[in-house]
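Heads up, the chain below is alone and in the form predicted on its own; it's given as structure tokens.
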């Protein structure tokens, strides 16, 4: 147990150093509307806990979870298709990479124009930002299986379905969880960007509203909340990974 606690000590020290530097810069600048101190942000978060936790956080999490679900389904489906067919791989891979070269901030206003201030305009932004790491990482997981292992199973009479279930799926599972840990923060960022550019509720919308009021601590408070939620969700994914990928330590 002591060794396990020491693992998090460097991270805790680095966070403490960052907060000290931030506090010192904020006190030296003395302009809370530009750079509020960490203490001011925490106090503002507590003061705004009512609307943030009851209205805006649920709205952002709805967009995040729906977008993440679509991204996982789309990413895994495309990875399966590219793994099953080299033709599909050659046709889809360049398009998937090209989809990430389009600035999200350029498409988000179009999504708002097409779907209005509904949840689907934000969901599309989230999907656009998150499906790429899922499809690429899971596809790499399928391709990580050694060819000689596939040949060995084929020699013993294994079907393609058996090779997939017994060999490729276990090999890709750690990659899937790695992709999920990347996709969770990106989905939250995507939801916040969509809300920032066009929404009537959500943490991104709330942060933008606070900016128009020159409330620096109010701008940072939703951002802090988003960061805490993202870290909590990544922690949950890590726990699920330890339960599902029991052989990684071996």
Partner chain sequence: MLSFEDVAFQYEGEDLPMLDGLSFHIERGEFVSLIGASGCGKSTILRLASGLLQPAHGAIRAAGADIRTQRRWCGYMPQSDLLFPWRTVGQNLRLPLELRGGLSPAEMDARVLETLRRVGLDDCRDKRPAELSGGMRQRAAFARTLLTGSDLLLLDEPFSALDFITRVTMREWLLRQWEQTHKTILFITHDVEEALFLSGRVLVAAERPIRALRSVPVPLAMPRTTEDLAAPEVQRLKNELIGLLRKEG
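Since the model is a prediction, treat every value here as computed from it, not as a measurement. Numbering follows the first chain given and starts at 1.
Form predicted together with the partner chain: not shown, discussed below.
Screening 147-155, 111-119, 77-85, 93-101 for residues having heavy atoms within 4.5 Å of the partner chain in the predicted complex returns a single hit, 147-155. By the criterion of a heavy atom within 4.5 Å, residue 171 is counted among the residues contacting the partner chain in the predicted complex.
For the chain shown alone, residue 136 is not a contact residue for the partner chain in the predicted complex, no non-hydrogen atom being within 4.5 angstroms. In the predicted complex, the partner chain stays beyond 4.5 Å of every heavy atom belonging to residue 72.
When the partner chain is considered in the predicted complex, residue 105 lies well away from it, no heavy atom lying within 4.5 Å.
Of the residues in 158-173, those that come within 4.5 Å of the partner chain in the predicted complex through at least one heavy atom are, in sequence order, 158, 159, 162, 166, 167, 170, 171.
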